[in-house]
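In structure tokens, one chain follows: the form predicted on its own.
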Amino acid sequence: MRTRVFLVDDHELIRAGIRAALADAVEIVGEADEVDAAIAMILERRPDVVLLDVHLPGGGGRAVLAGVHAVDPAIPFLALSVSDAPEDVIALVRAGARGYVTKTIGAADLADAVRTVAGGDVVFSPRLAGFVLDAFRNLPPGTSEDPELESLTPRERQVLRLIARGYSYRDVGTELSVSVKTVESHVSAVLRKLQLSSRHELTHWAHERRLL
């Protein structure tokens, strides 16, 4: 069964282009060009993924996210925007988006990103993920969400967030300038401290706490 996708974008030509790009890969179950209509239709049709533009009249993508998640927080959102500004990326992630890609993405990669988010994982390009990592790295002391997170060292938290975003061990090592063996050791420590058994559980744990 194909992934059911709802489009939210205020430009008709953009929506038409997305429909054409994804026509063979997903099922488009609806579309909207403004906040209130988007919220109502998404809650009615319950898609597998909402493909969401960041800048919309009437409150933007964050307003759509907030309105939908107030009723059903399980509906996943993938932000698709012309903007790669750090403040836009971070704002959507904090609001609950499971991924963020720009409109320069190719059709095949966009289809893969949609399926990845529908499957419960997250999608960011390494550059955009770096913005989010930096934002959380610079949080002031005392802003940790719970004791489990407090039990992790700063390096373990960095590894946690990158792994939860879908980075491979090699990519994490490159990002943090450490060896793959060191990354594996950190992941093992994180799983042990959080009493988790897999990357999938780790990703779910991080998403619930909006650490991505």
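Here the rigid core means the biggest group of C-alpha atoms that line up within 1.5 Å when the two forms are laid on top of each other. Just so it is clear, the model here is predicted, and its values are computed rather than measured. Start at 1 and count along the sequence shown; that's the residue number.
What comes next is about the form predicted in complex with a further copy of the same chain, which is not displayed.
Annotation: in the model of the complex, residues 12, 16 and 104 each come within 4.5 Å of a further copy of the same chain through at least one heavy atom. For the options 75, 118, 110, 95, the one in contact with a further copy of the same chain in the model of the complex, meaning a heavy atom within 4.5 Å, is 110. By the criterion of a heavy atom within 4.5 Å, residue 21 is counted among the residues contacting a further copy of the same chain in the model of the complex. Contact annotation: residue 200 falls within 4.5 Å of a further copy of the same chain in the model of the complex, judged by heavy atom distances. Scanning 37 to 54 for heavy atoms within 4.5 Å of a further copy of the same chain in the model of the complex gives no residues at all. Residue 201 shows a C-alpha shift of 2 Å or greater between this form and the one not shown [criterion: core-superposed Cα displacement of 2 Å].
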